[in-house]
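Just one chain follows, in the form predicted on its own, and it is written as C-alpha cells.
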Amino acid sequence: MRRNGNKSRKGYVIMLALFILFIFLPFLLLPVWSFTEHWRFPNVLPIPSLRTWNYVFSAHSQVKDAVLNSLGLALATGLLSQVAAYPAARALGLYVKRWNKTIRFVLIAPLLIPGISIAIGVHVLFLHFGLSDRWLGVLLSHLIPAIPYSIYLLYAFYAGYDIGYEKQVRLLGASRQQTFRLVELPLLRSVLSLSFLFSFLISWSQYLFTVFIGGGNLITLPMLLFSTLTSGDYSLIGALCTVFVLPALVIVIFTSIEVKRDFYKGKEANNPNV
C-alpha cells in the first residue's frame, strides 16, 4: 500500500512539473530570443547579440517612457480602486441585505459587456468632459474594469467578517480610526494585497482603453509591444516581452509572500497549542 502511495505521489509530482513547464516554457524562450541576433535553420544554437538590449536602454528608445507611464497608471489604478471598492464592499458585505445580488450584478456588468463597446462609449463621454487624450482620462478608464474585481474580492472578505471584534474594541473606548488600524486592517491586509495585485495587473496589461482614451499620445508598454509585433523582429519582441513581464512578476512574487505570511500568522493565532 505504501509503495502504491509513493508511486501515485511521484505521478502527481511529474504531472505538476509538466504543467509548470507547459505554462512557463513560452516565457522562458523570450529572454533567450532577446539575446540573439537570429536563430535560423540549420543553426542548433542562436547567434548571441546585445543589439536589442542596447536599443531598449538607448536614449532615443521609447521603452523608458512607456515603462514609467505603465507603472504610474498601474500603481494609481491599484490604489484608487481599493479606495473606491472598500466602502462599497463593506456596505454590501455587512449592511445591505435587500437587493444585494442585484447590486452585485450591476457592479460586475462592465465585465460582461464587450470591452470595445465600453471603450467607444467612454471615449465619446470623455470628449465632452475634456478628459480624452489625457493621462487622467486613461487612468479613469482603467478603473472601469479594475473596480468591479476589487469590490468582489473585498466583498468575499466582508461576507464572512465578524463585526463583533470592532464592537468590542469600540466599547473599550477606541476611535473609528484606531479600530480600523488595529482590528480591521490586519485582518483585511492579505485580501487587500490580492485586490491591489489584480487591479495592478489589469491596468498593466490594458491596451484597448489606452488606445481609445489616450489617442496615441500616451505610450505604454502594451502599445509599444503591439506596434513591434508587426515588425517581425523576434529579438526586439523578446526583449520588450521580458520588460513587460518582469515588473508584474516581481509584484506577484512580493504579494504572494505577503499573503502567505498573513496566512501562517492567522493559522498560528488560531492554533491553541502554539
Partner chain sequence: MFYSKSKSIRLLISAGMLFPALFIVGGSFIAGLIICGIQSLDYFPLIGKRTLSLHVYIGIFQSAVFYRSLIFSLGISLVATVLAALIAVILALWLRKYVSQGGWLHFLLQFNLPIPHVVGAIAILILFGQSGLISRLAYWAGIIQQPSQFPIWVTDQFGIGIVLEYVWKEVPFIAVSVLSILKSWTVPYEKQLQLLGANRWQRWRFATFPFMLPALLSSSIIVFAYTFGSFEVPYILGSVSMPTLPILAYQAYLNPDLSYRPEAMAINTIITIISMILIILYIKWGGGYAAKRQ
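We call the rigid core the largest set of C-alpha positions that still match within 1.5 Å between the two forms. Everything numeric here is computed off the predicted structure, so don't read it as measured data. Residue numbers count along the first chain shown, from 1.
Here the subject shifts to the form predicted together with the partner chain, a form of this protein not shown in this document.
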Subject >> 4.5 Å heavy atom contact, Phe57 and the partner chain in the predicted complex >> reply: no
**OP:** Please run the contact check for Phe35 against the partner chain in the predicted complex: heavy atoms, 4.5 angstroms, yes or no?
**Re:** no
Original post:
Given that the partner is absent here, does Trp135 sit within 4.5 Å of the partner chain in the predicted complex, heavy atoms only?
Top reply: no
**OP:** Consider Gly121 of the chain shown here, and say whether it contacts the partner chain in the predicted complex, taking contact as heavy atoms within 4.5 Å.
**Re:** yes
**OP:** Give, in sequence order, every residue of 189-212 that has a heavy atom within 4.5 Å of the partner chain in the predicted complex, or say none if there are no such residues.
**Re:** Leu201, Ser205, Tyr207, Leu208, Phe212
Original post:
If we fit on the core, is the Cα of Thr230 displaced 2 Å or more between this form and the one not shown?
Top reply: no
Subject >> Is_shifted Leu71 between this form and the one not shown (CA, 2 Å cut-off, rigid core) >> reply: no
**OP:** State yes or no: after fitting on the rigid core, is the Cα displacement of Ile144 between this form and the one not shown at least 2 Å?
**Re:** no
Original post:
How does the C-alpha distance between Gly78 and Ile20 change in the predicted complex compared with the present structure, closer or farther, given a change of 3 angstroms or more?
Top reply: farther
Original post:
Relative to what is shown, are the Cα atoms of Ile251 and Leu153 closer or farther apart in the predicted complex, where the gap shifts by 3 Å or more?
Top reply: closer
